[in-house]
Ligand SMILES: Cc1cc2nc3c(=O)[nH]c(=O)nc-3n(C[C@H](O)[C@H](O)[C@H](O)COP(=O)(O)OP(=O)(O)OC[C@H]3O[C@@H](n4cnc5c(N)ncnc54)[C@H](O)[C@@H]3O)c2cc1C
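As structure tokens, one chain now follows by itself in the form predicted alone.
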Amino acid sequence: MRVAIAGGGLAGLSCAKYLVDAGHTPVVLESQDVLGGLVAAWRDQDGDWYETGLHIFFGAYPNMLQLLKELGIEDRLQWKEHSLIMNQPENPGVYSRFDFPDIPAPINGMVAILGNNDMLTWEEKIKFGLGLLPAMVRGQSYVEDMDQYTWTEWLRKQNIPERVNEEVFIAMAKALNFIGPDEISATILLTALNRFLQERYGSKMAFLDGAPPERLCQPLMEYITERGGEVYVRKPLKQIRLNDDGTVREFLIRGLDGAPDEVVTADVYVSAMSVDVLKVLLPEPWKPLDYFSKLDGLEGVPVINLHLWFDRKLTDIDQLLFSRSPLLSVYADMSNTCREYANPDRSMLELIFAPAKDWIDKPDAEIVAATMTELNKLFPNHFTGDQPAKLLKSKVVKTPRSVYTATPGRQACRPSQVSPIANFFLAGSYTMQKYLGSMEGAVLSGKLAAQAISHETTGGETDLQIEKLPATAR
């Protein structure tokens, strides 16, 4: 069966991978000149990579880890020490750590929290632990019910001190969805905490050893094409054309650089595009359907990713860092964390500027200047004195609409992968799956879409393994 997939990000590529595994012929159509979607990256004139985001792989990403294992590239993940490291704004240049010992969950998480005396008092730790009990005991149904509250509202409901928010969860909320705890749905943080606290290696982090287009997307493309699938870039979807019965007749692809538009036909069609693009391209006859109309409640969050190259080392820490800055979310010195970017003498900081909604339209130079002001606070010893660290170059990557903005009530707007249109399916981290807007969510959505296509169109069962945690997370 031929399946046309609009979108060559992780959702579209994983959907295609599992379709070829099931014996189908996927045709992936990516609008940009590079695969990856929200994990895309490009080289500058010096040959240095710049990426759309700071991409972190967690032990609690079983479908992503299984995919890498099936591709034979699990060794491309560089696992870091099992620790969460946060800057101390009131004590510049000093870090606070949550170190997870290699013992079963949730005991390792309890030890990590109880062992940190820099940020929370014992009373705050106890009240936070008691407040978390309903989520841990009652599970995912409780977690999803809490989508009616912001994280801050949920903390108050559970009588958890407000200072817990200020010390830990402003940084955590911005890391997970690029917005603050007064906006983000409680479901997002509870989902993450449940995985982190209930899985031994859930919060353990890894960095890819190079740029995602080459180290992750290229193997996916090769896997797909070697088995009869097709993958194309620079093929933007222009129109979804319908049959008289409302099903999809064909995809119209916009011709670029003066080329004519082209038609792609298939037995089944998949949108693996962002929800914002899909809403623009929805055929008029579909818009009144509840399945599609509720998409109006989903909108991508603006994200700004910065790359700053310096003439010297600013830190030797080989791990993700939570800045706890009002303007910055998380950052890493990629010259330490990523093998391809390694440099023993200079730093390349990659930083997430969040929340970004008030900055997305500002000039790059203004964003870099504001970031440098924050870095002066984070690295005071490197930007003072007779020979302060010098910024060699910078790159700002703006994504006006990234993963869906996870404010309260969005769970009800998230569609399943199976649409009411017989030959049309959805993939994307905004679709309903429990990992929310993330790389894991994108991969799982693609796998679920492939599974649904095989089941819905053939009536047969598939043997796709969902939620199997590989040993590589350990």
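Nothing here was measured: the structure is a model prediction, and the numbers come from that model. In case it trips you up, residue 1 is the first one in the sequence shown, and so on.
There is another form of the same protein, the form predicted together with the ligand; it is not shown, and what comes next is about it.
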- Using a 4.5 Å heavy atom cut-off, indicate which stretch of 339-347, 277-285, 116-124, 220-228 touches the ligand in the predicted complex. 277-285
- Message: the ligand is absent from this chain, but in the predicted complex, do 146, 171 and 188 each have a non-hydrogen atom within 4.5 Å of it?
- Response: no
- Message: Does any part of residue 108 reach within 4.5 Å of the ligand in the predicted complex? Heavy atoms only, please.
- Response: no
- Item | the ligand contact in the predicted complex: residue 56, any heavy atom under 4.5 Å | yes
- Message: Against the ligand in the predicted complex, would residue 26 count as a contact residue? Criterion: heavy atoms within 4.5 Å.
- Response: no
- Does the ligand get within 4.5 angstroms of any non-hydrogen atom of residue 184 in the predicted complex? no
- Just one of 388, 210, 89, 236 has a heavy atom within 4.5 Å of the ligand in the predicted complex. Which one? 236
- Query: Which of 356, 328, 332, 272 has a heavy atom within 4.5 Å of the ligand in the predicted complex?
  - Reply: 272
- Select from 29-63 the residues with a non-hydrogen atom within 4.5 Å of the ligand in the predicted complex and write them out in sequence order. 29, 30, 31, 32, 36, 37, 38, 39, 52, 53, 54, 55, 56, 61
